[in-house]
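Consider the single chain below, provided in structure tokens and representing the form predicted alone.
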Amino acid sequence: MRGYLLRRLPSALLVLLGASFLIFTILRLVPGDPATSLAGPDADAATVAAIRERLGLDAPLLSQYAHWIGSLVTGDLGPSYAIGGQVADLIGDGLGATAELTAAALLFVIVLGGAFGILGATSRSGWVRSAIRVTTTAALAVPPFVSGVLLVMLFAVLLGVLPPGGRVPFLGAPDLAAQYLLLPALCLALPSAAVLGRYLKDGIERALAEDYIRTATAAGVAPRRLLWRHALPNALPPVVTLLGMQTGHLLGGAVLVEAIFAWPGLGQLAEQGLSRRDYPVVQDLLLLLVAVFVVVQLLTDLVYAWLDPRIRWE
């Protein structure tokens, strides 16, 4: 496994390097100038030029890119242009909240997606299959900004059982923190849980249709044993790959969900950075998301190989 990881490391670094160049280039193509935003609408050209020089924006783009990469390598992310403070501190303050939301959403994805897939593939009740099909279709069709508002209207306004937004740290009051976490995590998890459930359902149905399953059924093996010992393990490897991809989608979707539920994470920081043309904050955040996605995909490959004995590290 160590050799496998070492062979994958160069490609992962190339992905990060290519992503960093794209992020840097695309941000510079967005209309607007950080120096003009900082100087204000009444500033003269000399003031704007002085701010550009102070921020290093007057240097050639390749020099700016090389300086940014060098800062990443040394771990010095530098100061924020507009928000204020060090970029590392800003990201550190929001990283815990976003990680908490993403982890809770991932737990919902696994639980709900597993339930949708197993019940959809094994239930003999027509109404259960129809209910799962309708639920997964609705979860895929309704965007998070709509489902988030609906969840708030139902559980916070009409029923009054959950708070509409905000965050409470887990260390202070775990029970209260769970109440604040439930709605945004569920809103973030619903589309991915629907995708995972449908994929798992198809995998289990294909596994149950194999000849060895029919032979075991004819031999009198209990259906529950066939499901949990044979069909489900054979359906899991491709589902694990999909789960790794959905983890990246959860990180991206957290930006919108945090805005809906006033969750103080990296999503709000990204929104502030984009609106204020704060290049250091936005480009470091985007590259962090890419890095997390690359690591998740690498871990997914390792789990896939562990689940499927036909996969060899060689």
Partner chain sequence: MTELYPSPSPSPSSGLSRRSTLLAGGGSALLLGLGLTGCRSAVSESASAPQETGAAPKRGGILNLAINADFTPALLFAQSGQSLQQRLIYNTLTRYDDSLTPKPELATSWTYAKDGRSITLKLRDDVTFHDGRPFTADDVIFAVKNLQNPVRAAQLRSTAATINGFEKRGDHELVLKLAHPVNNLFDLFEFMIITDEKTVEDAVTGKKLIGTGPFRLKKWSPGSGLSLTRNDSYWLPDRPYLDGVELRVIPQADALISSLRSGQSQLSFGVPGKSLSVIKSDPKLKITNYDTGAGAIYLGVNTTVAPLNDKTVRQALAWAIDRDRLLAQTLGGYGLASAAPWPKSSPAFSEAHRTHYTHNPGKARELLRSAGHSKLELPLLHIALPGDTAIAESIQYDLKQIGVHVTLEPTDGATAQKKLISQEMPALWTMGHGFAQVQPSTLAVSAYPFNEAKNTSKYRSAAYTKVVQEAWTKPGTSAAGANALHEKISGILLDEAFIIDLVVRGQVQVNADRLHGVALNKFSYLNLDNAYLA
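All figures in this text were calculated on a predicted structure; none of them were measured in a lab. Residue numbers count along the first chain shown, from 1. The term rigid core refers to the most C-alpha atoms you can superpose between the two forms while keeping them within 1.5 Å.
There is another form of the same protein, the form predicted in complex with the partner chain; it is not shown, and what comes next is about it.
- Although the partner is absent from this view, A219 contacts the partner chain in the predicted bound form, with a non-hydrogen atom inside 4.5 angstroms.
- The partner chain in the predicted bound form is not approached by R198, whose heavy atoms all lie more than 4.5 angstroms from it.
- Within 4.5 Å of any heavy atom of the partner chain in the predicted bound form lies no heavy atom of A66.
- Contact check for A141: no non-hydrogen atom falls within 4.5 Å of the partner chain in the predicted bound form.
- Checked against the partner chain in the predicted bound form, the candidates C187, V87, L112, L232 yield a single residue with a heavy atom inside 4.5 Å, and that residue is L112.
- Residues of just one listed stretch (121-129, 68-76, 190-198, 236-244) have heavy atoms within 4.5 Å of the partner chain in the predicted bound form: 121-129.
- With contact defined as any non-hydrogen atom lying within 4.5 angstroms of the partner chain in the predicted bound form, the contacting residues in 264-286 are P264, Q268, Q272, S275, R276, R277, given in sequence order.
- Once both forms are overlaid on the rigid core, the distance between the two CA positions of E258 between the shown form and the other one is under 2 angstroms.
- After superposing the rigid core, the Cα of H249 is displaced by less than 2 Å between the shown form and the other one.
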